[in-house]
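Heads up, the chain below is alone and in the form predicted on its own; it's given as structure tokens.
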Amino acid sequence: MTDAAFALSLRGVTKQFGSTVALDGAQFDVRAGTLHALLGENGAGKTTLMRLAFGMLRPDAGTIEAGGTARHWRSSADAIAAGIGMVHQHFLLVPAMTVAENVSLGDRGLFRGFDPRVAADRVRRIGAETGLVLDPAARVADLPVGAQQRLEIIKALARDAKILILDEPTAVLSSAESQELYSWLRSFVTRGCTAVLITHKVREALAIADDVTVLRRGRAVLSGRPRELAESAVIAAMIGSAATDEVQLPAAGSTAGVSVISLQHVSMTDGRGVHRLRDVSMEVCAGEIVGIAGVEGSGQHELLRVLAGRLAPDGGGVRLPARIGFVPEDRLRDALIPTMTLVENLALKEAGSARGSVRWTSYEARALGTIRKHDVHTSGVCSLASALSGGNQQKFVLGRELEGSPDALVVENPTRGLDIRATSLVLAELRSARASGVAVAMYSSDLDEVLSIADRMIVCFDGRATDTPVEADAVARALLGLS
């Protein structure tokens, strides 16, 4: 195949951050008019490779070609001008602004020339052409995560992107939202455009992609058409054949103890007067994992924050233990300060109750213990949180919250953006916490995942929480309000 047939090509690409080699002569060729899945462990170099393609980073060595032409990006603005768009795992949106304002932020020229009517018409036109419909006047802070992702795609399309890179786009989407996204991506490439999907979901990648590439330790170790690749071979390429025996999903089943968290007739209304929780009563007991499910906007996020003591309801009774660990969905916004070290981020856990001088030596020892126990890949406790891959950030947050054996642990999409091995380790951590007597409440947008580990299920619908059998059909019906 000639280079001209590739929409995007990176050859012999090397990128190093300090002593860490992120990419080591990586090669990645994307055929024009295809959907290409890029797989690999956390830290394999997937996001770094695509940030080079998008002009956010510059390679130390190697070449980048787009449309058969060698490119030397000065910034992402050059890549955008060449028809490349990127939807990042953590959205780059301004919550206080409207949909139309966010779409217009990247335009050339001064923002004071912004015309709300023109901007709104552009959003509506793209929606009519693509099916990605959003209210131009909606404030981003009020949008559910699926709508925010649509907005990121609309931003790229507004700049005439013909090559679209998506970094873990289904990490926090429900099964229905994921299928909707995949359907749109299919229509996008059918029109002659090209898409690159960074994902850790092997089965989905093999089902929807035209081509698959696996990165391992900064190098491309496997490439081919899905029909030519066995799932086991892809997994072995991702994590190494010797490690595949380590990948096991934890089984459900426990003996619950005393009640640790109790909600009685809890209700809550948000700032716009919308009822988020309605007469919710539930318990989470020691030594059990309570799975929580709900389609976006059903009240599950508010419920989790009430269970974690982060949100006070308007009415009803809440009984919480003294020590609760909380792993929020968006680690960079709600769990870590990226510009701080791991030691400092661990110390933040006790910032509200600490008094006197900071005992940094103690925190350093605790951070080192967390890193070792939870297999966090980093150069040391003084590394900035931003220097870690997304998966290692997540493992550090979970380890921090489990430190000291809390009475309860509330986790929201704990395997977001994690590869197979990291996902297995995180689920094993939750099972271990349950075995040690911790009361665990877990929400995941991946229904199969939460069903694989939950002892009991609570399904949220229209602000109400219903006990549901730990069965896929029963949960699916309850998600639609049919229970």
Partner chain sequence: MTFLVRLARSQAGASVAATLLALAAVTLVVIAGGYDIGHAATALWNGSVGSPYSFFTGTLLRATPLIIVGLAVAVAFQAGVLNIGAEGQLLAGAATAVAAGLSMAAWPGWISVPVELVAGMAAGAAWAGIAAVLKRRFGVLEVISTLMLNFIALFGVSYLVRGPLQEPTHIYPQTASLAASARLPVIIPGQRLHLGFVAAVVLAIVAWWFIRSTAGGFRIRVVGAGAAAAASAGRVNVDRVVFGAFLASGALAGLGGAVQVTGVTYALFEGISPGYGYTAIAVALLARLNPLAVIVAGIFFGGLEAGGAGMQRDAGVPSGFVSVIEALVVLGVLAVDRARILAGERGQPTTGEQAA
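Numbering follows the first chain given and starts at 1. Predicted, not measured: the structure shown is a model, and the values here were computed from it.
We do not show the form predicted in complex with the partner chain, though everything after this point is about it.
Under a 4.5 angstroms non-hydrogen atom cutoff, the partner chain in the predicted bound form has Glu344 among its neighbouring residues. Using a 4.5 angstroms threshold between heavy atoms, Gln394 stays clear of the partner chain in the predicted bound form. Put simply, Ala387 is close to the partner chain in the predicted bound form: some heavy atom of it is within 4.5 Å. A residue is said to contact a partner when one of its heavy atoms sits within 4.5 Å of a partner heavy atom; Asp334 meets this definition for the partner chain in the predicted bound form. Only one of 188-196, 211-219, 93-101, 345-353 places residue heavy atoms within 4.5 angstroms of the partner chain in the predicted bound form, namely 345-353. Residue in contact with the partner chain in the predicted bound form (any heavy atom within 4.5 Å), chosen from Arg203, Arg125, Arg139, Arg310: Arg310.
Of the listed positions (Gln89, Thr269, Ser298, Ser383), a single one reaches within 4.5 angstroms of the partner chain by any non-hydrogen atom in the predicted bound form, namely Ser383. Taking the partner chain as positioned in the predicted bound form, the residues of 358-379 that bring a heavy atom within 4.5 Å of it are, in sequence order, Val358, Trp360, His377, Thr378, Ser379.
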